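Just one chain is shown here, as structure tokens, and it is the form predicted on its own.
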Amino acid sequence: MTRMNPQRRSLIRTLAGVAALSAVGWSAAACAQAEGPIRIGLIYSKQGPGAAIGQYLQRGSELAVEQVGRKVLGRPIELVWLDEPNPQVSQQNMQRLVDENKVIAVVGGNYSSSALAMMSVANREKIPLILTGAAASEITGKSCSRYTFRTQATVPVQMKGLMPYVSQLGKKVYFLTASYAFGQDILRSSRALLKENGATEVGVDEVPINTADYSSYILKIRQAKPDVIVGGLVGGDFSNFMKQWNEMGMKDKIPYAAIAVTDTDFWDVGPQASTGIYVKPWYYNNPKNTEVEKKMMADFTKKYNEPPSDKTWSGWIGMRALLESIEAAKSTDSKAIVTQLEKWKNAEGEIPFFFRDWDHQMVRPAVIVGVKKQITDKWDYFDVLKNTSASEADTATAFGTKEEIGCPMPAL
């Protein structure tokens, strides 16, 4: 019988001990991962013209977490909020959330250009991403992703709701839009609708983000003498324009109509300069709001001593859908969450809404509002005119067919 070398026997014992300790360590790590906090990423603006929008989006998402006791699947929820200053940094921050913070999903993306950049990471890393503000049609169209969902109505859907009002204001249309994906989508969608609404284009300006001085654009509009302006500016850019439009004596001279504006824009502009007709995803003083939405409004007002903006609702409903889908999945597995998001449906109001499983677009009417002639409340600027559609069937038609949308949805 061959006897084992003592040194070899000692080495085997050492390696066995290391293996045993490693197994214990791995088991403890796995246990900690299963019982520790569930991390969810937020990507919303913290600076620049979209800072106020980002703050209200974040507050809405945070409130949704608070309303479930800051737990999902019986585990504490930990939110990690990173900035959305531009597409490049937004994409980098999306990757950081995955690599460094080990998030299981991300809610955010107000700007379409940033959202498109973030989607590439979500698709590559297979991380669910719920976009709560971006409206460019390609997000759920030609660039759609199995891991990306969107709460905001697309630009074409919003423009279909707005253009009949535009045609009532006049037939000569001047476009003033942002010079990135969102603004370009407004131009494409509006131009396609001009003829059927009996209108014509008399001028256009595509404005760079963070524009401080709008006087040259206003002079061009004055010279073109349009009947109505169709706008596509957001955040601080919209506020700057509207204030200067009033200062140059143009308020009520030429009507202004736009989509995807937010309440915080008007709270910044103030009652003297605010004017126009707009399409918004939600309004806090809409008589048709559900009891659950009214509860959200009450909770928000109690916490912040002011009503929620439409962006609050967007951040809130995006997070709600995610948390409810995680609970339904009974898992933090990304594929399981995506599968449940595709099945998620909210039936609390007159018209149920949901994410379509073939393009991940939330199908839900938006609301058309007009600035009050007399604003007597520091928060309540709008009269609710109507919804963009009046029934579930009309809403489905407004959001388009598979052929019209053109989403080549990949498999999980």
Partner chain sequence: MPGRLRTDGNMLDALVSQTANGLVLGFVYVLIAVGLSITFGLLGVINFAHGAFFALGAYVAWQLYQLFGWWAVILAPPIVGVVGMLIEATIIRRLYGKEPLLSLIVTFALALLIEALIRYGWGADGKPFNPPPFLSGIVEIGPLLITKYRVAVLGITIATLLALWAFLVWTPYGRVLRAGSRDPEMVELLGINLPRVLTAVFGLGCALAAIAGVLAAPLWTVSPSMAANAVMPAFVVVAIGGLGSLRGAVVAGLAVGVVTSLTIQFWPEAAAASMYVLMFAIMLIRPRGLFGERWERFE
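Note that the structure is predicted; figures quoted are calculated from it, not measured. Positions refer to the first chain, counted from 1.
Just so you know, the form predicted in complex with the partner chain exists too; it's not on screen, but the next bit is about it.
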*the partner chain in the model of the complex: contacting segment from 267 to 275, 336 to 344, 93 to 101, 141 to 149, heavy atom within 4.5 Å*: 267 to 275
*Although the partner chain is absent from this view, report whether residue 112 comes within 4.5 Å of it in the model of the complex, heavy atoms only.*
no
_Does any part of residue 56 reach within 4.5 Å of the partner chain in the model of the complex? Heavy atoms only, please._
yes
_Taking any heavy atom pair closer than or equal to 4.5 Å as contact, tell me whether residue 210 reaches the partner chain in the model of the complex._
yes
*Classify residue 305 as contacting or not contacting the partner chain in the model of the complex by the rule of any non-hydrogen atom within 4.5 angstroms, answering yes or no.*
no
*Only one of 371, 363, 64, 52 has a non-hydrogen atom within 4.5 angstroms of the partner chain in the model of the complex; which is it?*
52
*Which of 89, 328, 298, 202 has a heavy atom within 4.5 Å of the partner chain in the model of the complex?*
202
*in the model of the complex, does each residue in the set 217, 223 and 246 place a non-hydrogen atom within 4.5 angstroms of the partner chain?*
yes
